[in-house]
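Next up: a single chain in structure tokens, the form predicted on its own.
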């Protein structure tokens, strides 16, 4: 059967095509609290001493990092010999509107990190933060470095334009509009509905839907392509609302005032200064990322106190470059090599400053 016939056949059968399995790498729940869980992917043959904790975005499902067999970062890392953990943020209920930024970024991530780190001999874990999960990981590492062996951030915004210099991204510009009343939004809805946030992301690239449709028709002859396409679509339409109080702080302090880059943000009352991060740091940005500009991600390596720091700018977009077939060749080996080369580092904390008496 030629490609034209396969294309017509597959497009005609889309409505009854079996659902693609997502997030199926075997894992066990090793901690659960409120709506979130810490999953440990079942090790196969551990080669490395230091566990890896994956911190996904707070408003997306964790299984983007375990998309489907053959296109799963988690599966690939397990097969490579890493001990891999991931935070599944779950679905916030109405009562979670009062969860603060400190609750999530300090207490929740702190407990997940301590639990994962306990599986390694040094009591530390490598931390990988993706998108907003990377921003949370950076802030946590700046305040609670004790259990962080290294910090690896993929498409993670750190500098939010404005007072930090540089040109605002569209998201940054929109959040600074006087007509965007974040307090009224949170007061009215409690948790910020995922539909509102998804609409904003769609407006970043208004022709994305049409582009996807053209790409789908063009490649519909390939079952492998269709399975990957439908898996990503399943994930991208399975979004999570943002706990209200946490969102209020995120927009007002991080986006509008750029407090993280300015060095004025505090987590649980403790200054979250990037220069306090001394562990190995690896920041990755993507050329066609419409959500996180390269300058925003690169600000991490520009400002941390670590001497072991690298910024890597790669082709691709915000999602595709992380979960595509090409990612297994282009991106994932770089992550594993970064951790492997630092597997025995103890990353001792810098000496405490002298206290005047």
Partner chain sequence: MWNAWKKAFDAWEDASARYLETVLKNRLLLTPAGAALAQLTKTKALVDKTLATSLGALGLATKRDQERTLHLLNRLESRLLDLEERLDERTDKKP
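Numbering follows the first chain given and starts at 1. Source: prediction; values computed, not measured.
A second form of this protein, the form predicted in complex with its partner chain, is not displayed here; the remarks below concern that form.
Of the candidates 194, 229, 201, 174, 174 is the one whose heavy atoms come within 4.5 Å of its partner chain in the predicted bound form; the others do not. 181 is the sole member of 252, 181, 224, 233 with a non-hydrogen atom lying within 4.5 angstroms of its partner chain in the predicted bound form. Across the proposed site, 34, 98 and 119 without exception bring a heavy atom within 4.5 Å of its partner chain in the predicted bound form.
Though the partner is left out of this view, residue 79 does not reach within 4.5 Å of its partner chain in the predicted bound form, counting heavy atoms only.
Its partner chain is not drawn, but in the predicted bound form it has no heavy atom within 4.5 Å of residue 268. In the predicted bound form, residue 187 approaches its partner chain with a heavy atom inside 4.5 Å. In the predicted bound form, its partner chain stays beyond 4.5 Å of every heavy atom belonging to residue 238. Contact with its partner chain in the predicted bound form, defined as any heavy atom within 4.5 Å, is confined among 151-159, 110-118, 258-266, 67-75 to 110-118. Although its partner chain is not shown here, in the predicted bound form the stretch 199-223 places heavy atoms of 203, 205, 206, 207, 208, 210, 211, 214, 215, 217, 218 within 4.5 Å of it, in sequence order.
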